[in-house]
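Here's a solo chain for you in structure tokens, the form predicted on its own.
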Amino acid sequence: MLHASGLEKRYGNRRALGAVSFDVDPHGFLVITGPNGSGKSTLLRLCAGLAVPTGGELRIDVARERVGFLAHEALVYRELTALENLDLYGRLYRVEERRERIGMLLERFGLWDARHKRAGAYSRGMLQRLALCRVLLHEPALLVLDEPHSGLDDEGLHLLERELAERREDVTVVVATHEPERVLPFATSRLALG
């Protein structure tokens, strides 16, 4: 599914990621760890197709519209409600039976009762749950997750872990985290950045 060999990313003279190599098989689960500034987020942006490498090789065997990317920011419109946000993304991704999928995800992530509230009124944890709904809405084949546990309370953590457990046979996952112990039960490979 993913193959990287000597993968590098530079911004001018600054090296954001240097000489990384890894392979992730279909339905694999790669856990990326490392200190702040080691290039985790840069690597995820490369895997999601949002940045272009400046060196080495990166092959991603999945169409770009089949990638679900969770960034540090929720990437939702704060002036829109949860329903409006997901409907917008559903239209962009041409999700079939969009309303049913949106309802199911909001219910699964405990946001159904807050579906008519503007995202700007959500707590950090609720925004993270909404972002996870957005990421899963179009049934991606590749999930690229940057610190998915960030801001989640115990219930939110349980919901995320349930989703990962249920989807592990159907998707390939690349996750960067400062809490690797939370995802190690799912891991098929690890990459430590320096």
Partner chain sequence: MTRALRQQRLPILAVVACALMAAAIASIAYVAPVDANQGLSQKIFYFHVPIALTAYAFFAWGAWKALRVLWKRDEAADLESYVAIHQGVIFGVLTLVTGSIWAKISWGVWWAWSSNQLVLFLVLFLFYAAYFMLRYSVDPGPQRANLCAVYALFGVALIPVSFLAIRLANDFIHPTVFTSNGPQMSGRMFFAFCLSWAAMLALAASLYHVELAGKRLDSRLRELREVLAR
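All values reported here derive from a predicted model rather than from experimental measurement. Numbering follows the first chain given and starts at 1.
The next section is about a form of this same protein that is not shown, the form predicted in complex with its partner chain.
4.5 angstroms heavy atom contact with its partner chain in the predicted bound form for residue 178
No, residue 178 stays farther than 4.5 Å from its partner chain in the predicted bound form.
Classify residue 9 as contacting or not contacting its partner chain in the predicted bound form by the rule of any non-hydrogen atom within 4.5 angstroms, answering yes or no.
Yes, residue 9 lies within 4.5 Å of its partner chain in the predicted bound form.
Can you check whether residue 54 is within 4.5 Å of its partner chain in the predicted bound form, heavy atom basis?
Answer yes; at least one heavy atom of residue 54 falls within 4.5 Å of its partner chain in the predicted bound form.
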